[in-house]
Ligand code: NAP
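Single chain ahead, written as structure tokens, the form predicted alone.
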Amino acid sequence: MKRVLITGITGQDGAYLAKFLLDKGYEVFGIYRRLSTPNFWRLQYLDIFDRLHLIGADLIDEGSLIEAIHISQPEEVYHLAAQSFVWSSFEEPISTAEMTGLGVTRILEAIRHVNRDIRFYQASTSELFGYSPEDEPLHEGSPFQPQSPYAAAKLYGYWITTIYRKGYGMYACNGILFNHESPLRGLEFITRKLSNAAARISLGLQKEISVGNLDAMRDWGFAPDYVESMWMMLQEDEPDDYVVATNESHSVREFAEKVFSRVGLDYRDHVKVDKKFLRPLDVRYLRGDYRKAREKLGWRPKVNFDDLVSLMVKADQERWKRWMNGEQFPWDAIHYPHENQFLSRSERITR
């Protein structure tokens, strides 16, 4: 039985990857960050919580990472943990750099000192590119032009992974994944924010939702499809970097229109633009070319955009209906604070 260590196992990708590897017969260890309120709802939703070995550790504490590797003795490490919300990186750029950037070096150093034969996957992002020419989808050779503290930290993680691969001969891959969504996506992300709002509004639980830029365009795929590509990368004879995408781009406006139409509503009656959700710098258009992953790994997306929208809003409707019927379950949506409770940095300074 192969042993694997996943950082960020409580997140969307970590939970889906853990289930995927368990189904393949792996013994799965996961690093989670110790918090006063546990955040295991995704693992419970997928019914895998009791099949995992969970290790408390922190990306800013290299000693805890070394200990986690000693405990788990993995053959593969998937590094998914990060501060991964772009808008928050403008609010907290230093902590984003510390966790999302330097955290990669700490986990690589831990592997280098404990066992260099461990295969390592680094979760990179399409935000590295900063933009996409509409007539030429982005590929592994496209230039990087990060437009946020998050993207800059991820760029550091990308290059340090490449340096450890070349400099120390370690098996280290970068998966440059474009946006990937699911019913397990956090409510701070625009896709889940919209699907959750559409579900609540259709059930009479709220009236409207405030968002930022409706014209931004992204290449959206389905998270369970994308975690399979992570595993595929570490099964190759030689380490390499891969773009994972759908080669399609859709606007936030289109996502909103489709989500609300699934529940019989017009998004224009319920979706309002609020400037406080606009980023200081925004990436207008992203579309990826996954040709290399298709040709070398045999990977391709299985769930299309329309099906992704449908399954997300359906899942949120089912959650809120269950809540309305008085059933108890560990959904993030039940305890998530109302967005008006949050003040942007400029508002905090003003007040």
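The numbering used is simple: start at 1 and walk along the sequence shown. No experiment lies behind these values; they were computed from the predicted model shown.
Keep in mind that the form predicted together with this ligand is not shown, yet the notes after this line are about it.
The listed set Arg33, Lys314, Arg322, Arg294 contains one residue whose heavy atoms approach this ligand in the model of the complex to within 4.5 Å, identified as Arg33. Checking Ser89, Thr125, Ser72, Ser249 against this ligand in the model of the complex, a heavy atom within 4.5 Å turns up for just one residue: Thr125.
By the criterion of a heavy atom within 4.5 Å, Asn179 is counted among the residues contacting this ligand in the model of the complex. Though the partner is left out of this view, Glu62 does not reach within 4.5 Å of this ligand in the model of the complex, counting heavy atoms only. Heavy atoms of Ala81 reach within 4.5 Å of this ligand in the model of the complex, making it an interface residue. This ligand is not drawn, but in the model of the complex it has no heavy atom within 4.5 Å of Leu17.
Note on the interface: of 117-125, 256-264, 199-207, 164-172, the segment with non-hydrogen atoms within 4.5 angstroms of this ligand in the model of the complex is 117-125.
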